[in-house]
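What follows is a pair of forms of the same protein chain, given separately as structure tokens and numbered structure 1 and structure 2.
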Structure 1
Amino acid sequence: MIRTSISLFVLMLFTLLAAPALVLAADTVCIECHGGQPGPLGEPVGQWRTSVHAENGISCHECHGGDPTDYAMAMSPDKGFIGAPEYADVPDFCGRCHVGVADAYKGGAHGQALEAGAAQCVVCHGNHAIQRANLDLINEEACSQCHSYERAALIRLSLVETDTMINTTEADLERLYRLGFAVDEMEDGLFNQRNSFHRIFHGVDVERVRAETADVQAEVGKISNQVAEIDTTIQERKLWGSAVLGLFILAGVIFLLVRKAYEEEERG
């Protein structure tokens, strides 16, 4: 009896949790109808399924607007449908959600030269199969389509250097955490630095990237100095530990020798 009600409860919980995800991420009328279309009308569905957006429940209508529950009126402008954006409208289209990135982008050389055909969001990230971003997006093939790679390479260099430093410090903090040290404050500091770090790229300005990554490196450097201090303490503790252990062994040996001498004396 109890067992049945527990499994019933679990089932209900599961349905409650799964239902919104199914409605939003899989079963919209947009996906149903477009999934059955040939060519460019159908392709977005399969591509989108592999994306970081699908993974996070951002479906067609979150980007394109419209009513995901009304088969007949789904794409009516009255239902908020905005369709596919023109080339120069993409930054605002994506910037509804990625506000900080879009601001950095607009203030930089690409944003300023947008009307002249500079790279915008989907040129670098794609549109429907967007994956988590990383610095490999900066590569000669992608960046030399419109200009030389030289400046891009300098930007990449500063960013990779800082990225490596952040990752090393992260690994150090994990190690200390596993040893039982309180690392919350350092974790928070690193988290903030990582956030500001990932905002630097979109301004595509070599001097600013250098100055801002230097700031991040200085702050991360402070955290790794704290790590080094803790490591020194650990070393000292180990040294003291072995010294104390050595003393104990010595005391033991002396004790045995003394006892042996005493026993021999007793016998003799």
Structure 2
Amino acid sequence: MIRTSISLFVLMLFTLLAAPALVLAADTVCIECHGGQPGPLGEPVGQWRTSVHAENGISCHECHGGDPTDYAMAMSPDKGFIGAPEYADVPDFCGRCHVGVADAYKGGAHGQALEAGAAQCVVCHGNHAIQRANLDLINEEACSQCHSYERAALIRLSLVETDTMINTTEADLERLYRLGFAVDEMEDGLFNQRNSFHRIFHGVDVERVRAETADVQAEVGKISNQVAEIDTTIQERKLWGSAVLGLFILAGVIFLLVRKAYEEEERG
């Protein structure tokens, strides 16, 4: 009876721990249907599987609507299916989730020239094989499809230092977390600054990027200073620990010498 109860408990625990992974791995009817089709109807599935959306469990219906559990209603407007947006509607389509980025885009040169065919989200990020946002997306090959690369290069240059600061600080916070320090508040602050940083370059204005990047650097710098203070505390603890250990060793050596001298005196 006890063994059966333990087995059931272990099975329940495994199920609970595995649940998130099972949810992410579970195919919707959209994926099951399109995944077996050739050509353009099936290609989005393979592309999506490599994307940051798939990595975070965001599937077809969360962008395109519809019922992901029912073949008959998967593409029903009654279930909220909206399909693929028109070219000029893409920023609003993506902006349902990426609100701050969409606002920055709309206020920038690309957004203001959208009706004339300027670049929108999928031109730079792709539509299904969307990768995690990074500075590699700003490159001569991509930007030169529409215009010269000079302004984009200046924007990228302004962003590199900030991107490095954010990544370095993120690694430092992970290190402190592994050491047992409470870093939740600092992580939340860095998360907010990373989001602000990602919004900056969607306005594609060099001077504005430089100014706003400086603001982000200042805030990330404050978090870096907190990390430095904790590192100083760690070093001080190590020094005090080494000093205490040294004193214990010295006390042990003195004790042994005194004991040896006492024993020799007793024998004499």
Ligand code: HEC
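Computed from a predicted structure; not experimentally measured. Numbering for residues begins at 1 and runs along the sequence of structure 1. Rigid core: the largest C-alpha set superposing within 1.5 Å between the two forms.
Two forms of the same chain are shown on their own. Structure 2 is the form predicted on its own. When two forms of a protein are overlaid on their rigid core, residues whose CA moves 2 Å or more are considered shifted, and residue 120 is not one of them between structures 1 and 2. Relative to the superposed core, residue 174 shifts its CA atom by 2 Å or more between structures 1 and 2. Once both forms are fitted on their core, the CA shift for residue 56 between structures 1 and 2 remains under 2 Å. Here the rigid core is superposed, and residue 245 then shows its C-alpha moved by 13.1 angstrom between structures 1 and 2. Taking the core as the fixed frame between structures 1 and 2, we note the C-alpha of residue 216 moving 2.8 angstrom.
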